[in-house]
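Let's start with one chain on its own, the form predicted alone, as structure tokens.
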């Protein structure tokens, strides 16, 4: 499968975008709506005119039409043909290419097996669940054995549980096929779960290209930090196992319990919205519960942000207006914080891959 290089791409909001996508890599384009993510997919596929150059394995493809670029493209709205059953939807591009009937039938059978939808072959899209439609659309995108797979927010219409399951399936399939893949999303959690590397794009410009851990724990600038939720990043000075799958780390004078897999924890992160704050000491064991002093309050249109001094750290805490209004918080007031174990993100020092910005 080829590597993909974008050089000085200009189209709509995108200006002078340069990006290297490695062979067999699962790269996630992450950014807000309107940032230029889908535009870059369309450029790679050759669906739009653009300035700049696109290379596959070092060879320019700018003069090639979409049909010659060997691209599989799964659009956000799927575009299944309602009058065709599952097998016919999957076979559509093969028929256009005038494959022999026996070869086409064998390829469709193979894809239905890979996507675990063989039992749905005679059904029509109107009688499929959201997850089943995703599988059919993906099988159709893979029909011509593309060299590069492009996925434009393909899971946005699924419920949370179905989307989580499909993310695992997609990643497993990508590894199985060894296919160079570019996946668009605006969801940082989705990006962290799936990506080999993340390319953060804002207003048509690449702000950072790095591994998920590097993006989350070492955001390159304020734009990246704000987009991923401006996490509280704490350096861990020591770490020791406490048994039963947990470890205790020391972060700025705070002993914090985290999940343990036997490797050293270098940093932890907590999103401001994931820290629970109380005016009185909460009941229960003193695990990941700390006393602090409010040092700042910012009332924004969509939430209230507090700065709390705890140990040797200044932590940001966010809460909805309705909760803030029920509390009697002020600068200098003593408060109690709880860090829930499931909300603590851990950085163990990922092996850096090649990066470009």
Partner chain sequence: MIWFKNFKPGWGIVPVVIFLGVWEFIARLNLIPGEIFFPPFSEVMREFYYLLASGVLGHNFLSSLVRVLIGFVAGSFAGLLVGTAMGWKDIVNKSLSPLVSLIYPIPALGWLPLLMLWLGIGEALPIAIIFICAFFPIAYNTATGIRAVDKNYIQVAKTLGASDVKILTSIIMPLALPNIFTGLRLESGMAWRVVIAAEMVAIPSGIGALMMKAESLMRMDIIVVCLIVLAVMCFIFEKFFASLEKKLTSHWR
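Numbering follows the first chain given and starts at 1. Quick caveat, the model's predicted, so the values are computed rather than measured.
Same protein, other form: the form predicted together with the partner chain, not shown, and the subject of what follows.
Visitor: Applying a 4.5 Å heavy atom distance criterion, does residue 73 contact the partner chain in the predicted complex?
Guide: Residue 73: contacts the partner chain in the predicted complex.
Visitor: Wondering, does residue 66 line up within 4.5 Å of the partner chain in the predicted complex on heavy atoms?
Guide: Yes, residue 66 sits close enough to the partner chain in the predicted complex that at least one of its heavy atoms falls within 4.5 Å.
Visitor: Is residue 159 part of the interface with the partner chain in the predicted complex - any heavy atom within 4.5 Å?
Guide: Answer no; every heavy atom of residue 159 is more than 4.5 Å from the partner chain in the predicted complex.
Visitor: Should residue 165 be classed as touching the partner chain in the predicted complex when contacts are defined as heavy atoms within 4.5 Å?
Guide: No, residue 165 sits far enough from the partner chain in the predicted complex that none of its heavy atoms falls within 4.5 Å.
Visitor: Quick check on this chain: which one of 203, 121, 93, 211 has a heavy atom within 4.5 Å of the partner chain in the predicted complex?
Guide: By the 4.5 Å criterion, the partner-contacting residue is 93.
Visitor: Could you check which residue among 304, 61, 47, 329 gets a heavy atom within 4.5 Å of the partner chain in the predicted complex?
Guide: Contact with the partner chain in the predicted complex is made by 47 alone.
Visitor: Could you tell me which stretch in 261 to 269, 105 to 113, 80 to 88, 187 to 195 has residues with non-hydrogen atoms within 4.5 Å of the partner chain in the predicted complex?
Guide: Looking at the other structure, the answer is 80 to 88.
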